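One chain is shown next in structure tokens, namely the form predicted on its own.
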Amino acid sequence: MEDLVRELAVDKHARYIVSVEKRKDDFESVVMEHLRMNGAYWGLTTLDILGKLDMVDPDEVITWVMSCQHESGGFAGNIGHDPHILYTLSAVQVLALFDKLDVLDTDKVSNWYNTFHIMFCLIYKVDVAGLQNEDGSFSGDMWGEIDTRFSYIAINSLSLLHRLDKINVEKAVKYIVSCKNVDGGFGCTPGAESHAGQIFCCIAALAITGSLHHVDKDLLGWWLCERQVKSGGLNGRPEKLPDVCYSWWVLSSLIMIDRVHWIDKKKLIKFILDCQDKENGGISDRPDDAVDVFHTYFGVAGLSLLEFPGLKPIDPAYALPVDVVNRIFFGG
């Protein structure tokens, strides 16, 4: 393991993340402009796991995050964009990293889960049921797209804000369970194909709500461990190529259902390390591909889940460092 520790280019990965934020005119920054809030969460959480969060100015970050909040309470991916549930969770998570959730009007944010959807309901003359639909599912924005990702995001963010009472948790759980398939996995909607990313969202939502008893852990664990290929990497569906991001989606789910010992951890660690750019920093989806902040985060987060030495532990359900989660719920 000592040899592997020396292989993790901690300082170069940290400098890479900081440099991406400063390069506002290059291709990567331009194509991510509309989802910069997600990028901020990926990059800043990576820095925290690496023990390098002090490389950024907290006040500058917090000021920008709050400038992305709409009057409705929701957050946009960047200044001048529309609010969406995806970016609202990332904003909450970023503020949590800096112990600054107190700058939020939590009632305003949690009420947004109802108010922005009312606009959709009025326009299309459907019952005003808030962001949570009658069947327990959640929509992502005022246009009404439904996905189990949004169920997880709503449950995660409201839990972090101590506002789970704003939704019908029982209905939310029932909807997630309705998306379970015969292979033990979960899809984005009932009957949709099992996918490792969706499985994480469903399992994490069930974990946060204390509902993991609905999961067939052996059946799901088998499906998940079958995602490991010869290179040691993990894929998201059968017959697909491995991708570093599944080092998070698959691993976290296996940990939450206590089946992580069913994969070869050493081979997965080697796969992640082989995806590093050891000269300039950053991690790619597969060895020798171009790096990006998304895969850098999921690679480092995956190593954290694998208890890689020198990295802060990350919570597999909340996708935040354990000390941050403990501070929110236990004041530690």
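Keep in mind it's a predicted model, so treat the numbers as computed, not measured. We number the residues from 1 along the sequence you see.
Another form exists, predicted together with ligand GRG; not displayed. Remarks below refer to it.
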{"query": "Ligand-site obstruction classification: ligand GRG, superposed in the predicted bound form, backbone or C-beta within 2.4 Å", "finding": "open"}
{"query": "Contact residue in the predicted bound form, from His195, Lys217, Lys100, His81 (heavy atom within 4.5 Å of ligand GRG)", "finding": "His195"}
{"query": "In the predicted bound form, the residue from Leu160, Ile257, Ile208, Cys245 that sits within 4.5 Å of ligand GRG by heavy atoms", "finding": "Cys245"}
{"query": "Ser137: touches ligand GRG in the predicted bound form, heavy atom cutoff 4.5 angstroms", "finding": "no"}
{"query": "4.5 Å heavy atom contact, Arg227 to ligand GRG in the predicted bound form", "finding": "no"}
{"query": "is_contact(Phe75, ligand GRG) in the predicted bound form, heavy atom dist at most 4.5 Å", "finding": "no"}
{"query": "Interface membership of Arg149, ligand GRG in the predicted bound form, 4.5 Å heavy atom rule", "finding": "yes"}
{"query": "Which of 162-170, 219-227, 84-92, 258-266 sits within 4.5 Å of ligand GRG in the predicted bound form, heavy atom basis", "finding": "84-92"}
{"query": "Neighbours of ligand GRG in the predicted bound form among 198-232 [non-hydrogen atom within 4.5 angstroms]", "finding": "Gln198, Phe200, Cys201"}
